[in-house]
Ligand SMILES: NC(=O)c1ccc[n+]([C@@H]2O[C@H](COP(=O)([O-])OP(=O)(O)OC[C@H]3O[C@@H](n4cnc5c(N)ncnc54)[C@H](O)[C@@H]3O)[C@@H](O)[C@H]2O)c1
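So this first bit is one chain, no partners, the form predicted on its own, shown in structure tokens.
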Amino acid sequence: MRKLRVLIMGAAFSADLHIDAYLRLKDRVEIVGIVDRAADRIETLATRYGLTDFKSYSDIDEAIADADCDLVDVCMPNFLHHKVTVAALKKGRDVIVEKPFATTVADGREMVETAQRLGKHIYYAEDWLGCPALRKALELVESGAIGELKFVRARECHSGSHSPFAQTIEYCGGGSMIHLGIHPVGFMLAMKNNRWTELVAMTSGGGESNLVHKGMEGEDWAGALMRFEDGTTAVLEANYVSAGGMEDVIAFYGTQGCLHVDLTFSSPIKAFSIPGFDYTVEKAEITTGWSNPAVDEKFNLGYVSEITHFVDCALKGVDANVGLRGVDGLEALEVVNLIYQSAKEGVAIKNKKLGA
């Protein structure tokens, strides 16, 4: 079997998550290059994972022009997704794009249109769709175990990003909804094949209107109600005001039962430490006292499954499953922007694509 040659764009948080997954697929993947303007970040990442046989780049354009690869994995700040993706597609590469798809809908559309015109694939990295617990929950829902699904409540929250790129709308596209809420939005759209009919939303407003993060241009709290073509309703929330670690909580309510899924605090380990642990769960501010240290967090959060799926698709030259395609990333971005519009204007918004 030939190996898929991958160029990693970025050497920070997302790159770490993806490289962990690639190294579980050594029989199918070869990492041929890593790009980052900070050479020390590349060195740190390579040392962490024992990577030696790859080429380092500090310049995006040089890397795309020079690297002998099949797939470009974009693990860079949001505002660079458009530039890197379009350049890679024009070079004849397939592309993985981290969430959110882009910072503007116009950029997202150009990315999708470029891929379609050139006959290449964009794979959208929505890790919730790879989570073993959520995949099992969907199997149970589809089996009829809780009757007819009527309502879903989904939220992703933590205490706030310290990245400079998350502080301004120009660089990230918004606040907590586009950064965190993109997960529940993308998950629900995939679950319902993008067939939503109506939404209404509120946000904290950004800046001085925020609940906690007054220096952040985007909102630090956002909530939306969505209705889907089959009558299912969903409440989706994202915020930067939840201390204690990442909260990924999804609940499904049917006519004959319910399901509750906790992606981040459901470790089988319960521990107490006075000095504290090296790590417990993502975004936890402290690790002392009682905690539930994560067990293979990257696998349980879906990164391994999504990357495996993308590798298999790229090797076969086919598109990804619903929810994991470029068009799905664009749809999620469009919905997030409509959530912002609804919150700003105080109106409900109908899906014109369905004629709702």
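None of these values were measured; they are calculated from a predicted model. Numbers for residues come from their place in the sequence shown, where the first is 1.
Below, we turn to the form predicted in complex with this ligand, even though it does not appear here.
For the marked spot (R5, A87 and K91), a heavy atom within 4.5 Å of this ligand in the model of the complex is absent from each of the three residues. Contact with this ligand in the model of the complex, judged as any non-hydrogen atom within 4.5 angstroms, is confined among 55-63, 286-294, 316-324, 26-34 to 55-63. Within 4.5 Å of any heavy atom of this ligand in the model of the complex lies no heavy atom of F310.
The shortest heavy atom separation between E98 and this ligand in the model of the complex is within 4.5 Å. Although the partner is absent from this view, Q116 stays clear of this ligand in the model of the complex, with no non-hydrogen atom inside 4.5 angstroms. Contact check for K298: every heavy atom lies farther than 4.5 Å from this ligand in the model of the complex. A heavy atom within 4.5 Å of this ligand in the model of the complex is found for one listed residue only; from I146, L225, A133, L80, this is L80. Put simply, of L189, I250, M76, M111 only one has a heavy atom within 4.5 Å of this ligand in the model of the complex, and it is M76. Contacts with this ligand in the model of the complex, taken as any heavy atom within 4.5 Å, map within 111-138 to A125, D127.
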